[in-house]
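Just one chain follows, in the form predicted alone, and it is written as structure tokens.
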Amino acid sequence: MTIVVILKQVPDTEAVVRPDPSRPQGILTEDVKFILNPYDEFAVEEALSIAESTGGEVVGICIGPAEAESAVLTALAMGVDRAMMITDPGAVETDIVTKGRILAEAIKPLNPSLVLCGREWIDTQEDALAAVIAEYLDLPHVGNVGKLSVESSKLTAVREMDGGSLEIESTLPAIVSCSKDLNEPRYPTLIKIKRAKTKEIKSVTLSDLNLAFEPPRSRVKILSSPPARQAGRVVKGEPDATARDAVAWLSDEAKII
């Protein structure tokens, strides 16, 4: 069984991200640490667990700049067998629909039984990639999966819902997006981190995939920081008086109550 995992590099969740004034869609990268998208780690862990029980191969595919190799190396250190990187600016800077089309073309020759994605990208909070890939490959798609079991010809997935859960069966091959409830990602050992550097990372261009540059169907118009947080107000005095002042402020000025 071949399992494909989609990978993406994103800013660390603790990084202070600031817009780049010279690039409406970009951020200032100085002093920003980049990591493998956390939801992709759940997808990688699930792929490895399935492959370990079936004897299959796990292949990672990443669209991103050359610097995204560090995120790919993280996946390889976790246990992914080999990886593919698509670094063309036309692929990196396009929208999620076009990225899905590009990834679908990269996936086709691998003929995988299963494609796993993280539920969303934490930098742009886009969660449609798995559905887009499934549409271009004409395969079943199950999203936001918190429990997954795979047999020879089908999968059973559980998606948590308000007040209950939904169990879904699908034939293979299929596309699945993974939530954080699915598993606990493993931490690579030092030996595996070193071995990751010897694993294959194949560079693939749009021309290799017989694709031409396609203008994005949508683009980020502007990226801005949230407004500065206003200073809080301290209310002092006797309890009855401070309570009245606090309620009056919350009602008349803050408009919270």
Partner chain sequence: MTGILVIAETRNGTIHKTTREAAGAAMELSRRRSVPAAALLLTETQLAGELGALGFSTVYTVEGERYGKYNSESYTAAAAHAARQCSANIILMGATGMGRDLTARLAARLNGALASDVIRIHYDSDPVSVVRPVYSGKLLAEVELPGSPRIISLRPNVFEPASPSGQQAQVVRLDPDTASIRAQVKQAIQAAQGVLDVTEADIIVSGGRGVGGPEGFGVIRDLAQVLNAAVGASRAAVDSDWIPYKHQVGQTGKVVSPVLYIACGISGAIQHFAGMGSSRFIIAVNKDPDAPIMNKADFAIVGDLFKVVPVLKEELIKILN
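The structure displayed is predicted, hence computed values, not measured ones. Residue numbers count along the first chain shown, from 1. The term rigid core refers to the most C-alpha atoms you can superpose between the two forms while keeping them within 1.5 Å.
The discussion below concerns the form predicted together with its partner chain, not included here.
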Exercise. Heavy atoms, 4.5 Å, its partner chain in the predicted bound form: which of 64-72, 222-230, 48-56, 204-212 makes the cut? Say which one.
Key: 222-230
Quiz item: Just one of Val150, Leu103, Ala134, Met84 has a heavy atom within 4.5 Å of its partner chain in the predicted bound form. Which one?
Solution: Ala134
Quiz item: Closest heavy atom of Lys180 to its partner chain in the predicted bound form, within 4.5 Å or not?
Solution: yes
Quiz item: Is there a heavy atom of Pro21 lying 4.5 Å or less from a heavy atom of its partner chain in the predicted bound form?
Solution: no
Exercise. Please check if Pro109 has a heavy atom lying within 4.5 Å of any heavy atom of its partner chain in the predicted bound form.
Key: no
Quiz prompt | Any non-hydrogen atom of Asp123 within 4.5 angstroms of its partner chain in the predicted bound form | solution = yes
Quiz item: Heavy atom within 4.5 Å of its partner chain in the predicted bound form: which residues of 27-41 qualify?
Solution: Ile27
Quiz item: Does Arg18 count as moved between the shown form and the other one, where moved means a C-alpha shift of 2 angstroms or more after fitting the rigid core?
Solution: no
